[in-house]
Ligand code: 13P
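Presented as structure tokens, the chain that follows is alone, the form predicted on its own.
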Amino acid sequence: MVTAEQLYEKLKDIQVGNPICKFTQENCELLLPTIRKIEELKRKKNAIILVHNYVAPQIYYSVADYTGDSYGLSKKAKESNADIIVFAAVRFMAETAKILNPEKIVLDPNPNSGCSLSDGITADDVIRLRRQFPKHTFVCYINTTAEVKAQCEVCVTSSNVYTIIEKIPNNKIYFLPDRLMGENVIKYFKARGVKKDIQLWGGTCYVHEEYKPENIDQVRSNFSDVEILVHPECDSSVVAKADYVGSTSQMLNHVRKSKNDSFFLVTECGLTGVLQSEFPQKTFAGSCTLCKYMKSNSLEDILNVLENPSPESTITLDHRTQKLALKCVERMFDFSV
């Protein structure tokens, strides 16, 4: 189990411009009793905790058994031998873990685990769209509910969206719910001469749509050698100014391999905090843009859900939805090989 000194060593270099992401050793000491209780319950109940890159760093560096982006954590959920999976992220990710592990208990500790993308489209919307576009293959971003996945052929993440859509034999694609990511996919294929008729839903991530091209220009003017890393949920005008485009885990791996010393990450600032901790010798420019949903996770809520899970925090899916959604997600793994 992590000590206060070890936790502080991981957290002390995180300076992303928000008070909840700044730590002292005294802060770390105060977290220890909760961390100890969580670790005891994990051992007692054969539970694991999956933590997304955007979740608060005191969770990421203390009780997480696995960390990463939605794709990597989905794989860990699929491979897990635990009886209980606690998914510290947002609701649709916990639902994906349940889709892959119908016999396991999957718990969502987040009291505010919405998502502007997954909340922006329903299964009824997809059913209506399928009548309107009967010849299209329906591809859903992982940021969707289990009910929406159950109405689609294949699921994608930000790390595999280009690869999977290119592999789909049908040239007619309906991509949902992320309009901005879809526009980036369309431009990517057009630039490569790949013909795909791609129709889009109008959803957006409220965090990533805030970034504008002038933000990139300002950072470049202040940091001459900065490398710009952009998430594909951003507007195509922002992506066009990037040095690298990728998922959170792809960004992390890129920084790890890069010889550059200065970076600006155009994504939720939880990842910037992780990179500040992992690479304190490097400079990470820019301000903090928080996802209110991801940052709603807390150590106290994780402890509570392990001690006394409520019906609201326990993920349940009806058999038909689980079965159809599983086909959708499994196709993602098949296409990713």
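Numbers follow the displayed sequence, beginning with 1. Every value quoted in this text rests on a predicted model; they were computed, and no experiment measured them.
In what follows, reference is made to the form predicted in complex with the named molecule, a form of this protein that is not presented.
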Since exactly one of Leu265, Met93, Val148, Ile85 fits, which has a heavy atom within 4.5 Å of the named molecule in the predicted bound form? Met93
Proximity to the named molecule in the predicted bound form (heavy atom, within 4.5 Å), stretch among 187 to 195, 254 to 262, 240 to 248, 102 to 110: 240 to 248
4.5 Å heavy atom contact, Thr67 to the named molecule in the predicted bound form: no
Check Tyr54 for me: does it contact the named molecule in the predicted bound form (non-hydrogen atoms, 4.5 angstroms)? yes
Can any non-hydrogen atom of Tyr141 be found within 4.5 angstroms of the named molecule in the predicted bound form? yes
Though only this chain appears here, would Lys98 touch the named molecule in the predicted bound form if you measure heavy atom gaps against 4.5 Å? no
Partner contacts for 295 to 313, taking the named molecule in the predicted bound form and a 4.5 Å heavy atom cut-off: none
